[in-house]
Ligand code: ADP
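Just the one chain here, laid out as structure tokens, in the form predicted alone.
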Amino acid sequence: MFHFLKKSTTHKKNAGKADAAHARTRGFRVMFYGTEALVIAIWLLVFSLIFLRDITTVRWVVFVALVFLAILGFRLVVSVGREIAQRKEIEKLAENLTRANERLLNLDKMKTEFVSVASHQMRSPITAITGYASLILEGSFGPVSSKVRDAVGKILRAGKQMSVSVDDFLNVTRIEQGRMRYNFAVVDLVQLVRATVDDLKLIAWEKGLTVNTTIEEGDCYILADAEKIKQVLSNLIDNAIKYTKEGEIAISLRKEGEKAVVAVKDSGIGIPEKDLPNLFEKFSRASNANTTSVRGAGLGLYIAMQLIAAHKGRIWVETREGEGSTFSFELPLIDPNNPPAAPQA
């Protein structure tokens, strides 16, 4: 009932705004055509003086013309006054908008700097937590019970997840502040893909997932920051593992013309179509992501898109909810014996 009343009230307000706008438009048209009619009438009256001989008739025509001129002049003066007032109001609004925009830019800069400082401050304790947790599990401080081992294992996993989140926040601040540094060099993409898959396939196996890798024969060299491209690929594979309950993860590398295309396909939950337009934006997550109990800040794909863009490439997704997803990115191929100049990131 309340929802219906709220909807009805909103509809009435919108209808009222539409009626007001229509009334203003109609009033403007009436004023325009009225002024046009006055100008035509004055012109006809003045033109008629050429054919009049009786002085009395001439006086009446002049008198009527003066009346029309007075009305027209009054309307023009009022119109100019309104125009001046509107311009002053627009200039004032523009000035206020400029100040508000500057304020928002300053606040955004302060936010970015705060996140950067906070993330840096968090790195040291997180590193200490994960480091000591690893030492305990390795037995560096002596034998521990199974209960303690389980608890420390949870601490270590949570610490690693937090470390990844902190790194994501730091990367976002570097990107936004233009401080992200790239070490471009000739990279063998075949070796990079194989090494990245080897680093992560154990995690997939522990979850019961099959990992298949298909690499097209032949050389595949790119000009890139190897660590940045590995970060992108690791993120895509890690997401595929997280959001796939059963089935397989398929990683492929192929050449399409002058481009190298890397694809990560999964048999997971897929992404709703409504979420696709904002998928690569900051803090954006698919609406069905929580069904897998996977937490995240929604920064991984945004960072991946920015890193690939800095390499003059592009990244995209093909997906259907409930049928899995395929994330792909492409990068320009190069001749390793005659590499081009590094792109300006």
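What you see is a predicted model, and the numbers here were worked out from it, not measured in a lab. Note that residue numbering begins at 1 and tracks the sequence as displayed.
One more form of this protein should be noted, the form predicted together with adenosine-5'-diphosphate (ADP), which is absent from this view; the next part is about it.
Trainee: Run the contact test on A263, G313 and S328 with a 4.5 Å heavy atom cut-off to adenosine-5'-diphosphate (ADP) in the predicted bound form and return yes or no.
Mentor: Contact check failed for every one of A263, G313 and S328.
Trainee: Considering adenosine-5'-diphosphate (ADP) in the predicted bound form, which of A297, V64, A309, I40 comes within 4.5 Å of it through any heavy atom?
Mentor: For this set of options, the contacting one is A297.
Trainee: Which of these stretches, 225-233, 73-81, 149-157, 269-277, has heavy atoms within 4.5 Å of adenosine-5'-diphosphate (ADP) in the predicted bound form?
Mentor: Every other range fails; the passing one is 269-277.
Trainee: Would F169 sit within 4.5 Å of adenosine-5'-diphosphate (ADP) in the predicted bound form, counting heavy atoms only?
Mentor: F169: no, not in contact with adenosine-5'-diphosphate (ADP) in the predicted bound form.
Trainee: At 4.5 Å between heavy atoms, is Y221 in contact with adenosine-5'-diphosphate (ADP) in the predicted bound form?
Mentor: Because no heavy atom of Y221 falls inside 4.5 Å of adenosine-5'-diphosphate (ADP) in the predicted bound form, the answer is no.
Trainee: With a 4.5 Å heavy atom cut-off, would you call K242 a contact of adenosine-5'-diphosphate (ADP) in the predicted bound form?
Mentor: Yes - in the predicted bound form, heavy atoms of K242 and adenosine-5'-diphosphate (ADP) come within 4.5 Å of each other.
Trainee: Any chance A289 has a heavy atom within 4.5 Å of adenosine-5'-diphosphate (ADP) in the predicted bound form?
Mentor: It does: once adenosine-5'-diphosphate (ADP) is placed as it appears in the predicted bound form, A289 has a heavy atom within 4.5 Å of it.
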